[in-house]
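The chain that follows stands alone, in the form predicted alone, written as C-alpha cells.
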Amino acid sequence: MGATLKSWLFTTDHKRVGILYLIGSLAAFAIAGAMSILMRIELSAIGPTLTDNPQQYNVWLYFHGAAMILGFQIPALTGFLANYCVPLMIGARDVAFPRLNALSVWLFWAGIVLALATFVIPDPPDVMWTGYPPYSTMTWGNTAFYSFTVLLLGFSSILGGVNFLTTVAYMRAPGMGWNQLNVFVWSIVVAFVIQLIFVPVLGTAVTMLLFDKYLGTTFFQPANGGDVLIYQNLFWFYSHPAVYVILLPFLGITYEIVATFARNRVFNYKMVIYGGFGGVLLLAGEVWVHHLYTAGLPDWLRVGQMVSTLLISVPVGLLMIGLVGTLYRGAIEYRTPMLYALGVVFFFLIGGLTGIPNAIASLDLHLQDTYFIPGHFHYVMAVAGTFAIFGAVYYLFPKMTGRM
C-alpha cells in the first residue's frame, strides 16, 4: 500500500497525473456544490434561514464561484482530460516535460488545500468571487487567501499550457499533420494559447489587490488617484477568455463522444477547427466589456464590444452546426456518455440564445443584476460544461479502470 501511495505521489505518468487532476477537481465540485445548496436554502425564504451573518453568505458565494471555475471546470478539462487523452490521441509516449506536469498538478492541489482552509481560518475571504475593490480591500476577510489561491492555480495552468503546446507541436506520431489531429486535441491547443495570453493579466490584478490591502498602495483607491475600473477591466480581460478555456475543451470532448456513438466522421472538420476554434481564438480577447456595460465606460467602447460580442456567436454557431451535422444520418447509440453529450447540445443551445440579448448594451442595462444573467451563465457554462465533464468520465471510465 505504501509503495502504491508513493508511486502515485511521485508519478510523472500522464494518465496518473490526469487522474490526480480528476480527484482534486471532483472534490472542489462537491464542496462548491454544497455551497450552492446552502445559498439556495438561505434564499428560499425572506429573512435569515441558515445564517443571519451576511459575511457567512459571502464566503459561500466566494467559494462556490471561485472553486467551480478555477478548481473544478478548468482543471477537469485542461488538467484531467488533456493529460489523459492528448498524448494517447497524438501517439506520444508521454508529455514533453513530465516533471513539469507533476509540478503543475501539485500546484493545483496546493491551491485546492489553500481554498479549503477558507473553512477553518478565523477570517475567511469575503470578496464574493470576483474580488472587486474597494470592498475586497476594506473587508474584514482575508483577501490574501483569495489572491494566493488564484496565483497558485494560475501558475499550475501556465505550466500545463507550456507543456501541452510543446507536446502537440513536437511529439506527434510520424506523419500526423495538424489536419489529422482529433477535435479534442485542437480544443486543448486553442484553450492553452488563451490561458498563456490571459492568465498573467488575472495574476497581475489579484497581486495589485494584495498590495492595496496589505502594503498601502492605491491602485484602486479613487481618493488617492486610483480607479476601481482598472481591476474590473483586468479581471474580465482574463475572465471572459476563461469562458472559452472551459467552452472549447468541453465542446471538443463532446465531439469525440458524439462521433463515437453516432459512428460518424466529424462534420466539416476544417470548418470546426479553423472557423469555430480559430474564430473564437481571434475574438476571445475583444469581448470583455459586455461584463461592464453598467460600469461607466465610454459609449464607443461599449458599442464596439457589443458588435464583437455578437460576432463571436458566429464561430460558436459553427461549432454547434458541426455537432448537429455529426449526428446527421449517424447510427446513434444512446449510451450514458452520449446522453450527457446530447444534454450538452441542448443546454448550450439555450445558454447561447440567452447570451444574445446580454450582448446588446441597451438590453443588458436592464437585465443586469437580474436572475437572467446567472441563468444564462449557468446554462451555457455551468450545466453544459459539467455535463460534458461527467460524460467524458463515463466515456473514459473503461480505459481508466478496465471495467464498464
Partner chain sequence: MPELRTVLAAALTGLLVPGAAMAGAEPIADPAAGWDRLWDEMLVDITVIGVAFAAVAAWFMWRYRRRDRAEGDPPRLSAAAAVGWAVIPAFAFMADDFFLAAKGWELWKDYRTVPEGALEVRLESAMWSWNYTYPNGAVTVNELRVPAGRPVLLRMTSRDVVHSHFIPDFRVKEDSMPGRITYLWFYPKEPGEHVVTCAEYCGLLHSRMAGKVIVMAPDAFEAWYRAAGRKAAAEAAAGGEEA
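Numbering follows the first chain given and starts at 1. All of these numbers come straight from a predicted model, not from anything done at the bench.
Just so you know, the form predicted in complex with its partner chain exists too; it's not on screen, but the next bit is about it.
S.K.: So in the model of the complex, is its partner chain close enough to Phe119 to count as touching (4.5 Å, heavy atoms)?
M.R.: Looking in the model of the complex, residue contacts with its partner chain do not include Phe119, since no heavy atom lies within 4.5 Å.
S.K.: Quick one: is Gly278 in contact with its partner chain in the model of the complex, heavy atoms, 4.5 Å cut-off?
M.R.: Gly278: no, not in contact with its partner chain in the model of the complex.
S.K.: Just checking whether Pro357 would be counted as a contact of its partner chain in the model of the complex - the rule being heavy atoms within 4.5 angstroms.
M.R.: Yes.
S.K.: Since only the chain is shown here, I'm wondering whether Leu365 would be in contact with its partner chain in the model of the complex (any heavy atom pair within 4.5 Å).
M.R.: Answer yes; at least one heavy atom of Leu365 falls within 4.5 Å of its partner chain in the model of the complex.
S.K.: Heavy atoms within 4.5 Å of its partner chain in the model of the complex: which stretch among 247-255, 74-82, 208-216, 309-317?
M.R.: The contacting stretch here is 309-317.
S.K.: So its partner chain isn't shown here. In the model of the complex, which residue out of Ala96, Ile321, Ile90, Leu114 has a non-hydrogen atom within 4.5 Å of it?
M.R.: Here the answer is residue option Ile321.
S.K.: Heavy atom within 4.5 Å of its partner chain in the model of the complex: which of Leu103, Val162, Ala144, Val228 fits that? Just give me the one.
M.R.: Contact with its partner chain in the model of the complex is made by Val228 alone.
S.K.: Assess the spot marked by Thr11, Asp13 and Arg172: is its partner chain within 4.5 Å of a heavy atom from every one of these residues in the model of the complex?
M.R.: So, no: the whole triplet misses its partner chain.
S.K.: Only counting heavy atoms and a 4.5 Å limit, does any residue of 125-162 reach its partner chain in the model of the complex, and if so which ones?
M.R.: Result: Asp126, Met128, Tyr132, Pro133, Pro134, Tyr135, Met138.
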